[in-house]
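Taking the form predicted on its own, here's one chain by itself in structure tokens.
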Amino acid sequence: MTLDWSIVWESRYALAEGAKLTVMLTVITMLIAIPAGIVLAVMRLSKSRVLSTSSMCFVEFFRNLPLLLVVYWAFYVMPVFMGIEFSAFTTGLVALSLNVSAYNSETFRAGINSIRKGQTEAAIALGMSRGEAMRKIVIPQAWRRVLPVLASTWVSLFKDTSLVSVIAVGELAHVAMQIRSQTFRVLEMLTAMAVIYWLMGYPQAKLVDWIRKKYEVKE
């Protein structure tokens, strides 16, 4: 078997564009999923049965579906049954955001529940409304507790973006697979894809370790 690694260098611009789109997809997804997760967590903890049940149904539905199935559903089913049709990129973004928002909701809910109720009660006794106490006292403390988990979610999401390649979103995995099919250089392109993912993912994993050590809450 003859290997030709020059194909990796020749495809460097296409691979760089795919890697850039991978990062962009991860960033935008988290920009959507973090506030959405906070809203869902607050709804789940609400005394309103309608809000609490709505949040629970959303979270349990998307948290327990394989992400790949959500991607397919958004791409193939929504246009047929709901008359909603997006570009491949937007569809992938919607699917990722729904999935990650559900996970972030549970992360934030656990963080909020970890704050002692006495702090909320003290804030209310000082004249704050329950909403103000949640916004000014509970959520800032919960944020510190959930930050390491969110950082881990980020790293996981960064790798999971490769799943949207199945609907032709031009991120790193899709670009590498296209080059592979055009050049028949399977080993070279799969190895290049793995190396690029590792080079981008390893610093993120180390950053997560640093965040976990720095922001670890010890009772």
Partner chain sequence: MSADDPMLTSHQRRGADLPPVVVYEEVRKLFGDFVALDGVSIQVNQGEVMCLIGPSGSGKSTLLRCTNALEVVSSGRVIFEGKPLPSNETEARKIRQRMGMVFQNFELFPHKSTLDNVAIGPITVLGMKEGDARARAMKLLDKVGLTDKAGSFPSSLSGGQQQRVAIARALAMEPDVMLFDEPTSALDPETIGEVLNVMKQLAEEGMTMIVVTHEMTFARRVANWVVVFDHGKVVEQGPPEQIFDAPTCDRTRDFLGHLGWNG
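This is a predicted model, so every value here is computed, not measured. Positions refer to the first chain, counted from 1.
There is another form of this protein, the form predicted together with its partner chain, and it is not shown here; the text below is about that form.
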Determine which one of 90 to 98, 134 to 142, 104 to 112, 68 to 76 lies within 4.5 Å of its partner chain in the predicted complex, judging by heavy atom distances; exactly one does. 134 to 142
Spell out, yes or no, whether the shortest heavy atom distance between residue 125 and its partner chain in the predicted complex is within 4.5 Å. yes
Should residue 83 be classed as touching its partner chain in the predicted complex when contacts are defined as heavy atoms within 4.5 Å? no
Scan 16 to 47 and note down the residues that get a heavy atom within 4.5 Å of its partner chain in the predicted complex; none is a fine answer too. none
